[in-house]
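Below you will find one chain, with nothing else, as structure tokens; this is the form predicted alone, and questions on how it binds or moves follow later.
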């Protein structure tokens, strides 16, 4: 439910239970939804705000997901797109847990290797494994380095 703010804007109602992902890198909210598997045909009730003013970031995105708490592997995926994101768990309209995201040193089964010759892209039962470096993501099987457009490689 939304209501009018006296200043002329819209105010998004709080959620009873679920997750609020705050401080998402501006413009990445829809990618966050995609990597969480949330589409227009999934049952979640969502609120999405993009390019909201932020003192700390200049601009940010915010996503509210009702009746869903994120798993650790989902938070790891979000960290790749939004390393400053904050995850707020809401129960009975109260924030019961608030935590930042951390990019793990090793990512298993989170990123698809773009190298078609990589063993992880064959029919072998091998899970992709990437080392997180300052210059990008390094595949530990074929040495491929992903430097750009990481969002399109997240599984």
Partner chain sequence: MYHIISIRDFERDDLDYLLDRAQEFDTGKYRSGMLDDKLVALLFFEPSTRTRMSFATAMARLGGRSISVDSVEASSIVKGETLADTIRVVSSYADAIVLRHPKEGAARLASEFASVPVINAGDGAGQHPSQTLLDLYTIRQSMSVDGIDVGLLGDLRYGRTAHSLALALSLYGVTLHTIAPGGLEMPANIALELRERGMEVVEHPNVEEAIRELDVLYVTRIQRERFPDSASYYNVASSYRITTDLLAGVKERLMILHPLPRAGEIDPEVDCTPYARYFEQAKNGVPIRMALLHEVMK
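Numbering follows the first chain given and starts at 1. These figures come from a predicted structure and were not determined experimentally.
Here the subject shifts to the form predicted in complex with the partner chain, a form of this protein not shown in this document.
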query: In the predicted complex, the one of 126, 96, 103, 45 near the partner chain [non-hydrogen atom within 4.5 angstroms]; finding: 126
query: The partner chain: the contacting residue among 20, 12, 132, 140 in the predicted complex [heavy atom, 4.5 Å]; finding: 140
query: Residue 89: touches the partner chain in the predicted complex, heavy atom cutoff 4.5 angstroms; finding: no
query: Partner contact for residue 52 in the predicted complex: the partner chain, 4.5 angstroms, heavy atom; finding: no
query: Any non-hydrogen atom of residue 67 within 4.5 angstroms of the partner chain in the predicted complex; finding: no
query: Residue 119: touches the partner chain in the predicted complex, heavy atom cutoff 4.5 angstroms; finding: yes
query: The partner chain in the predicted complex: contacting segment from 23 to 31, 36 to 44, 59 to 67, 108 to 116, heavy atom within 4.5 Å; finding: 108 to 116
query: Heavy atom within 4.5 Å of the partner chain in the predicted complex - qualifying residues of 37 to 75; finding: none
